[in-house]
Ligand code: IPD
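This document starts with one chain, in the form predicted alone, laid out as structure tokens.
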């Protein structure tokens, strides 16, 4: 029997509660109020509503913790060691175009290290969750990263830079190298789900540059607890600050990293 900690119970309950309105909004996406944050970046009324519910539920359970919110920014807590990092709707562009691939992401970071994470895909009712030292799961099933050892048998996920995102030339060089070495590349538009899918063994690896902490905080712990490795592309470990991420199973993290670095 799987025993969830109090923190995971709080996070999963908050995600499920927030998802009710998100599912309703997805059915009425044409009526949603939408604004632009920056080049190629959109925010909808759904983002704000979900973030409000998540913040209320998590604050009720852990009133002393701080927040780093995609829409609401930094909210200092009395406890300076623990911070909730939240993306209320990872995959907003998919959501606004009626593409059924988006998620709620909640990470709990302690002294700069992700220690628990939840990524909830409401349309499929897949609750990915993990806690440091306790393993990684989807609903009640234990997750393990893929066991494939060869890049030419592997499917790798990525994010393609869009208008306003950095370094498209570098990405195209990386893409050419990975295309030539692997069985396929996928780009579905949600970094949180890309990392969850690496944890689930659906992809062998994932890389992207220019991400934000709320895109990856939960996914980092999911991959690690499923037996995978997560680092910066250059091998560093400050992903939350740099936004550059390479995640893969234990066999392919080094060769995939070498391939990407050879593009620089």
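Owing to the predicted nature of the structure, the values given are computational and were not obtained by experimental measurement. Positions refer to the first chain, counted from 1.
Form predicted in complex with D-MYO-inositol-1-phosphate (IPD): not shown, discussed below.
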Name the residue from 68, 211, 200, 230 that puts a heavy atom within 4.5 Å of D-MYO-inositol-1-phosphate (IPD) in the predicted bound form. 211
Answer key, D-MYO-inositol-1-phosphate (IPD) contact in the predicted bound form at 4.5 Å (heavy atoms) among 118, 89, 157, 143: the residue is 89
Determine which one of 73-81, 174-182, 188-196, 128-136 lies within 4.5 Å of D-MYO-inositol-1-phosphate (IPD) in the predicted bound form, judging by heavy atom distances; exactly one does. 188-196
4.5 Å heavy atom contact, residue 215 to D-MYO-inositol-1-phosphate (IPD) in the predicted bound form: yes
Report whether the minimum heavy atom distance between residue 162 and D-MYO-inositol-1-phosphate (IPD) in the predicted bound form is within 4.5 Å. yes
